[in-house]
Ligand code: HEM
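In the form predicted alone, a lone chain appears below as structure tokens.
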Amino acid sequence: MTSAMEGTSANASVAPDYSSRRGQIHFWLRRIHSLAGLAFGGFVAVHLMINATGINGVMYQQEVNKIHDLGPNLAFVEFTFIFLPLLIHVLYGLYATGAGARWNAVHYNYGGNVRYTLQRVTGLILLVFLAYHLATLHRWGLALIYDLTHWRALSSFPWFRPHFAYASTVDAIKTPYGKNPWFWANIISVVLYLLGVWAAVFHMANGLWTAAIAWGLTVTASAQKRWGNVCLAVGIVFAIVGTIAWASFTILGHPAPLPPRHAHGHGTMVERGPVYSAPLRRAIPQLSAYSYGISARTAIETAGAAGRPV
């Protein structure tokens, strides 16, 4: 949630004291926290790029298929490279935000103070967003609770279904609380996803900048400025990518009927991407070609479920 040494050290008049045993512990914990943040930031970057393919429903389905082709290994990969680094980063981030704040240099310039504050604010936004995101769009969230308990209150709540990746994602983001997209709770869901994406991008880009300071890679003010420009460019690029991903499932997204849950992804629905206007389809031919396409895997499974030859 927070990275070490936010803000520039150029104006710091009080340096952290690492001479004590407790200071040494903090010194190494901060670096573990930084590494965990970099690992999770890498996942965020890849995740946003994959979700940006949602502008093309078939391409998005193909990317989801590649992930789920890992089969039983997927759980191990997710826990080792996503959830464990996230847990470490969050736990130490909460500590550093509160009790551990005194280990940071206490005087910053104006820009450093702004980044220092925004890093913590975006971290808290991310906590709320990730809790909601995992609950509604991950198989270890509400879907797992429903599978274990068959709690009727959850039976109508949408969640991610890998065989119908695009439609189920639109359903879970845009209309989780009824089919009216203008219902206030659905609007909050859509806005929360946009805030979550932007918060993740800022937190990642600013975390890259502060990680270089924490590891002693940018010691001088000029080096910090040059690396800061690189991190700013990274932030802008992924803000655009993330916004495209968000728009693909919200502004451009149209919920489609899904087969019953017990069908486990089999049925007669054709997976499609966003529905574009005729002028846009003419301007971008490949979007027209794919807007109502069906992925190869979905076609095979749909035909197999219907008993037709594949």
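The first residue of the sequence shown is number 1, and the count goes up from there. All figures in this text were calculated on a predicted structure; none of them were measured in a lab.
Another form, the form predicted together with ligand HEM, is not on view; read the next lines as being about it.
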Inset, instruction - Could you check which residue among A143, L208, V190, A239 gets a heavy atom within 4.5 Å of ligand HEM in the predicted bound form? - result: L208
Inset, instruction - With ligand HEM left out of view, choose which of L127, V230, I82, L194 has a non-hydrogen atom within 4.5 angstroms of it in the predicted bound form. - result: L127
Legend entry - Candidate stretches 135-143, 84-92, 176-184, 68-76, one within 4.5 Å of ligand HEM in the predicted bound form by heavy atom: 84-92
Inset, instruction - Although ligand HEM is absent from this view, report whether T250 comes within 4.5 Å of it in the predicted bound form, heavy atoms only. - result: no
Inset, instruction - Give a yes or no for R120: in the predicted bound form, does one of its heavy atoms lie within 4.5 Å of a heavy atom belonging to ligand HEM? - result: yes
Inset, instruction - Flag N51 as yes or no: does it have a non-hydrogen atom within 4.5 angstroms of any non-hydrogen atom of ligand HEM in the predicted bound form? - result: no
Legend entry - Heavy atom of I244 within 4.5 Å of ligand HEM in the predicted bound form: no
Legend entry - Triple contact flag V44, H203 and A214 to ligand HEM in the predicted bound form, non-hydrogen atom at 4.5 angstroms: yes
Legend entry - Neighbours of ligand HEM in the predicted bound form among 140-165 [non-hydrogen atom within 4.5 angstroms]: none
